[in-house]
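Okay, so here's just one chain, in structure tokens, the form predicted alone.
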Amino acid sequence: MCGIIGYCSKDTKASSVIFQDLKRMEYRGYDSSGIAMMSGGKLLIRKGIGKLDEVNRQYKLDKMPGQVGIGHTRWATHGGVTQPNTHPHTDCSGQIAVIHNGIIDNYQELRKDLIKRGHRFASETDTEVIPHKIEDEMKRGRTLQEAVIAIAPRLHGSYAFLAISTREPGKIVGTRKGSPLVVGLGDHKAFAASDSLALAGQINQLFPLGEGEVAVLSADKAVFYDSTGREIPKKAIKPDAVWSENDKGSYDYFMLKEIMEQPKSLVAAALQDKEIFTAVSLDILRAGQVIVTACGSSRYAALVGRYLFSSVGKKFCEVVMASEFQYFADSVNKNTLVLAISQSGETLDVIEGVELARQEGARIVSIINRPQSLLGELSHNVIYLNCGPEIGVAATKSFLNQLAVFYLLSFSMVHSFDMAVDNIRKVSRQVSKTIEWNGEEIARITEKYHQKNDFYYIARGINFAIASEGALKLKEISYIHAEGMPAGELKHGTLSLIEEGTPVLVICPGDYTYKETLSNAIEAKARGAQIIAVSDVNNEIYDHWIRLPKVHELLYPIVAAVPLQLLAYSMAIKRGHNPDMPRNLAKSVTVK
């Protein structure tokens, strides 16, 4: 879940480049950061806890001398948020430095063995075993590259790491297993990074590193090897210009920018290959069982997708939390189709479930946004969301585009792909109206309720998942407890929590769920709840009305999700929080 960057150049300001590239990966989430530079044949390391700018003010990361270096932003897994646990980590002699993304599952036994043989550890992290293992191999006469190749098979779990050594000061060596790593080349400069977005505008060639492959970087080139040490050719791909766009423009925060981009993003979601959608929809219909696996917002999109598959395609599917999927693996076989949903394509729980399913012969279709992802490599078919970069931690345009993709798939099952594309394009204009209509009302709701500690979101049918997604957004970025549930379940426990002044968000468009959902809202109001309705139909029982346009009943989730995103954003700002970087959360969850 951290960011790693390596840079080899003839540039005397290399540390400032590394620092700025780390800044580009701040959206991934982190709690500490550090840089190691090769300078005058020695290793210079500076690191600290807190935001990058805070660490830089204290340690001057961007002023470190040297032309070769590695930088890291850490999201704590093993060991607390302390300076000793911050990357980079070194060997006993302080001549080898390593940064690492992922988890070394067998680090405890490796650490015990190293300590028995006289190694001294300075941190509680799993990462620190790597430089000590490299140290042992280099003492045996191996080069840095040979040492990395030798130790990699002994590291169990997932990793992408970069290593530098004073013995080979002009070189960076990196490898990966189960975590992403890309190499980029520009004019007399070479990069390695966990995220290609960090390299935007600086490279003209991009090389995604394959599983188990090793890259050796110097200022003028990158050479690639397989896990046995055999040099291998790699074909460069041209960096996608769309993925170079990572600035906020005129907006204060990425989240607001990305909310406002959603009408345009939906149009991009409809730009799909009809043949791929036809083939995937036929695979879904033919499959003995269909399982959708996802986490967080993607799972709520999958719940809407399950309804669409049932309603339109008459095909039932099961939605399983990715973190729980492994416990259902016994029922997966060659007649199973797994739809794996992940904006980043890096979500470890999703990837591990997909790997298990593939071992059992299942067919894998992934719905992802990021190009060159691990999940894409594991899939038989890939459908892209076409969002472009989404920097804010809270999913906005990726969530809406996931809904659009499920809508397109469901109508492809009944040979109506073209009609569905047209409907998505039309509803993008309705999303614009939803944003335009509700700014003032959302501001009033925020002013009245921003000090409340509990919110409840209720809905029925296809809208239930949007209630859950709206609640997730509120708690993610404003730190208000929020709970989403089917409206009919309110009286089976949660109604006891409703008291005078409790805000209850009711998603009740004028569709087949309207009357029953309204009845549940009246039950809550009778217990003192303040009813905030999200609907195209006004009603006298509402205390606040967030207005929706009239659309087809299967498209209400798309228009209803947007004002709930705006409400969460507004609440976060009012409470003084940064909506782009909520505490304890990260954009790409690459650990369990």
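So that there is no doubt, residue numbering starts at 1 and follows the sequence shown. This structure is a prediction, so every number in the text was calculated from the model and none was measured.
Same protein, other form: the form predicted in complex with fructose -6-phosphate, not shown, and the subject of what follows.
Exactly one listed residue, out of Lys473, His72, His89, Arg176, brings a non-hydrogen atom to within 4.5 Å of fructose -6-phosphate in the model of the complex: Lys473.
In terms of contact with fructose -6-phosphate in the model of the complex, the residue from Asn401, Thr517, Asn101, Thr347 that brings a heavy atom within 4.5 Å is Thr347.
In summary, the region of this chain contacting fructose -6-phosphate in the model of the complex, judged by heavy atoms within 4.5 Å and restricted to 517-525, 310-318, 200-208, 292-300, corresponds to 292-300. Under a 4.5 angstroms non-hydrogen atom cutoff, fructose -6-phosphate in the model of the complex has Val393 among its neighbouring residues. Fructose -6-phosphate in the model of the complex comes within 4.5 Å of a heavy atom belonging to Ser342.
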